[in-house]
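Okay, here we've got a single chain as structure tokens, the form predicted alone, with questions on binding and movement later.
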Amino acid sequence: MTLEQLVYYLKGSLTVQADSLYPERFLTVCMKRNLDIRDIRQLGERRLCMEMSIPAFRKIRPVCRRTRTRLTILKRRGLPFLLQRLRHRKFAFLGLLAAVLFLWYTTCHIMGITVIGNQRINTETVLEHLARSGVSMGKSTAGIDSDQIRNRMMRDLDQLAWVGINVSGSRIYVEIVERLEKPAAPDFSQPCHLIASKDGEILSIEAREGQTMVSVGSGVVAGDLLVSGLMDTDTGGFRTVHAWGDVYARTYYEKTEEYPLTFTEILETGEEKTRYSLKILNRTLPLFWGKIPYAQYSETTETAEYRLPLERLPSLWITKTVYREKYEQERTRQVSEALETARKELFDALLETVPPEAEILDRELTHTLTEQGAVLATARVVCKENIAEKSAVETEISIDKTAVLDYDRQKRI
């Protein structure tokens, strides 16, 4: 709708049919009197169709008498006619008033906040800092100072490299650029040892600085000294260094669980109920009544955002929750079935505890039968990983200097 069409709609207009013996004379008189007439179409030799404003229609009666023209109203359109029709319909008028108020509110208040570009910074954290600056759902869009909000967020969030805040209609777009994390360089000025972070069997030693205190094939426990930061000198004294390097060991991760051969299994009946809820402007409206008709059930929830093309209208979040009925059933299984379940559950649990940089060498599953009629399963994951961990010389580790000397002399021999 163009601006001219909008003005005509607000003022109101009429589509009329003019039957005249002298249509050219009728149009000439209308133009001389500056009557608001447009979209003139000739339907026949003596018939015209046109649109005119309400004030022009009120002034055209003398023109019709003078030119012997008969006017027929074909259509009325515009806001004045709509209000006239709603004059005796109170509820329709109240609905129209509510719609106007709603449009006014959504035009002047924040209807949505979109955060883009963040990977390490949580979206909820960004929204929390925006709320401290007065930018949240339902707040007025008047007086938003993007520079002030940007400076405050840059001061409060160390991970931010840059943040842009753009106001488009009643929606706020926040663009995040995160700061690149530089790996911390080791401080070689601080003397330290390398100790074992966990139990294991030494596979290889790559000590770049410091005195090696273990050998390949030896077993260590957590806290044992691997590479010492104390080294002897040619004059018989000692000097402290920053021990660093990699010490790879064979490590073990174990988990034991009992799996009874007779157990209670929870199954689904196939019955399910779906419930919806609507969220708008931080208000959640349930679209259902009553309670869940199941004693035992599981639920899955999905939330989807729906946005209209207009920026000034709020987003709608529709949450779909599916409740599935469940029941308990006594079951008996074979030892092979219990071991298959144990293999999946135990190894999945162990792999969550294994560090991502560790190399998995082997997987083992052993079991025994208990007197209670259950399978006692033990899963083991064998890994190769770097167990060297730094420890300050002054505070955490105190060793016998004579032992360091003796170990060094034996190596030289």
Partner chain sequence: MSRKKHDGDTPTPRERFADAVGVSKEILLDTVLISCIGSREVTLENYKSILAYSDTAIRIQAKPRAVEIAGKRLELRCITKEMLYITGRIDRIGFLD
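Treat the numbers as computed from the prediction; the structure is a model and nothing was measured. Residue numbers count along the first chain shown, from 1.
Below, we refer to the form predicted together with the partner chain, which is not included among the displayed structures.
A.B. asks: Hey, in the model of the complex, is Arg41 touching the partner chain, heavy atoms inside 4.5 Å?
C.D. replies: Yes - in the model of the complex, heavy atoms of Arg41 and the partner chain come within 4.5 Å of each other.
A.B. asks: Do Gln372 and the partner chain share at least one heavy atom pair within 4.5 Å in the model of the complex?
C.D. replies: Because no heavy atom of Gln372 falls inside 4.5 Å of the partner chain in the model of the complex, the answer is no.
A.B. asks: Does Lys32 make contact with the partner chain in the model of the complex, using a 4.5 Å heavy atom cut-off?
C.D. replies: Although the partner chain is absent here, Lys32 would touch it in the model of the complex, with heavy atoms inside 4.5 Å.
A.B. asks: Taking the shortest heavy atom distance, is Ile37 within 4.5 Å of the partner chain in the model of the complex?
C.D. replies: Yes, Ile37 lies within 4.5 Å of the partner chain in the model of the complex.
A.B. asks: Pick from 66-74, 362-370, 347-355, 42-50: which stretch has non-hydrogen atoms within 4.5 Å of the partner chain in the model of the complex?
C.D. replies: Partner-contacting stretch among the options: 42-50.
A.B. asks: Have a look at Ala388, Val381, Leu27, Ile60 for me and say which one sits with a heavy atom within 4.5 Å of the partner chain in the model of the complex.
C.D. replies: Spelling it out, the residue with a heavy atom inside the cut-off is Leu27.
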